[in-house]
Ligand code: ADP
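Below you'll find only one chain, the form predicted on its own, shown as structure tokens.
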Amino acid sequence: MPPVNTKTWSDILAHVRLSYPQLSRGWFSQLSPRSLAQGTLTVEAGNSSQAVYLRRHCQRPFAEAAQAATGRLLTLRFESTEDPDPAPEATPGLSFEDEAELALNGDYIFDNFVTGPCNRLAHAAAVAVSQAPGRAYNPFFIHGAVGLGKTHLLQAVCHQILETAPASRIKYISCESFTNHFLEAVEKGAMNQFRYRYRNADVLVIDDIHFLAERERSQEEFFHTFNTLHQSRRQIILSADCPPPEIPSLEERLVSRFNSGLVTLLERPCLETRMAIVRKKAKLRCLDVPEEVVRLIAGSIDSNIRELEGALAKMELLGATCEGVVDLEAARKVIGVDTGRRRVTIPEILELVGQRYNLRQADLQGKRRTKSVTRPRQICMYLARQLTDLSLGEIGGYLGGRDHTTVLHAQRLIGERGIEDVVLHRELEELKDQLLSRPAHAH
């Protein structure tokens, strides 16, 4: 007998999908609760990659969902039948051996990637790299704003290479993991172990390489790792929010090497591409979404693909509660948008955020860096990127003449913390709703 009944487990999954659409994955429906003992709910994943993803990103969301569904404070434990030992003992030396690599999402393959004018070059290059790693384009550098498909392409390359050559040694990690592992190796005198791990990879894939900024020792080590791999014709794939020359404090020799391969940009998708993405994502979720609802979602959300996925997650929940029927009017209410909505302006954002956090507009545009001012200022930048068509430089200009890298950092920081911090997530959603529902001249 399962530890929780079918309805309760369905409620837990629905809560996660609705509250955390950015984290939700299609394979969540394959998860199964196995045991409930001493306040710990053990959930079984289909494979070890899924279990790693859940442990890293979904502990808090599932715990929150379990509490909402059962009324009890529960701890979540994720396991899979592929785990060699559910409770391995700690081993001496470096601790990153078991946790260095990011989990591959089975949905992130080339067949599920929708191409358009905004991403056709990057997609074609990624396919070429997957077919001839180390020979087609090396290094391969993808850049673009958050939520436009960089991670999808990185993982699609990994999937394709593993399908063609299953024995390939692929290291797919975040830049933050690389720098943390380097510092740990320095502290423990284990540089030989560190270098062997990274310099013997057939394919090294690093997401968010811009986090190397202002880390001189990590840049030095990565420079030598890059040279070793490149000289032996191993494939290097990197992603960032901006092109190499715009990564702040990145050494010129690294900029030169990143530019020596192929650098491609992912732009915001046009309406037709967004509609195709909605159709594709709906098919993956087995959702029957009418064409007018497809157009509503694609026409209302133009910031990034993750928000399109979030809207579809809400549609999925709506379909489950309305016997599978999702009409245009119901869809409008659920995703909280209006096809005729006006454009939000920076002054409106400054006014509303100032009221929310009891700050003057001069404070938000000034030079003060206290926490009470910095966080609201970063929220302004984040909302401006989400709700306006202004460039990074234009937004920085409104916020006291700050440069584009400051805006980029704020957008990334608030976006990531908004996923992890439930309170911040709700505050951001409330601010968006208030801005989008204001009368056209309310400022």
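The structure presented is a predicted model; accordingly, all values stated were derived computationally and were not measured. Residues carry their position along the shown sequence, with the first being 1.
There is also a form predicted together with ligand ADP; it is not shown, and the following applies to it.
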Notebook entry, point to check: Of F78, F194, F211, F113, which one comes within 4.5 Å of ligand ADP in the predicted complex, counting heavy atoms only?
Noted result: F113
Checklist line | Contact residue in the predicted complex, from A331, V205, I277, L350 (heavy atom within 4.5 Å of ligand ADP) | finding: I277
Checklist line | Contact segment among 306 to 314, 196 to 204, 256 to 264, 68 to 76, judged by heavy atoms lying within 4.5 Å of ligand ADP in the predicted complex | finding: 306 to 314
Note to self: Does ligand ADP, in the predicted complex, lie within 4.5 angstroms of each residue among V129, G134 and Q160, using heavy atoms as the measure?
What the structure shows: no
Checklist line | Heavy atom of P139 within 4.5 Å of ligand ADP in the predicted complex | finding: no
Notebook entry, point to check: At the 4.5 Å heavy atom threshold, is H181 in contact with ligand ADP in the predicted complex?
Noted result: no
Note to self: Since only the chain is shown here, I'm wondering whether V146 would be in contact with ligand ADP in the predicted complex (any heavy atom pair within 4.5 Å).
What the structure shows: yes
Notebook entry, point to check: Counting only non-hydrogen atoms and a 4.5 angstroms cut-off, does T151 reach ligand ADP in the predicted complex?
Noted result: yes
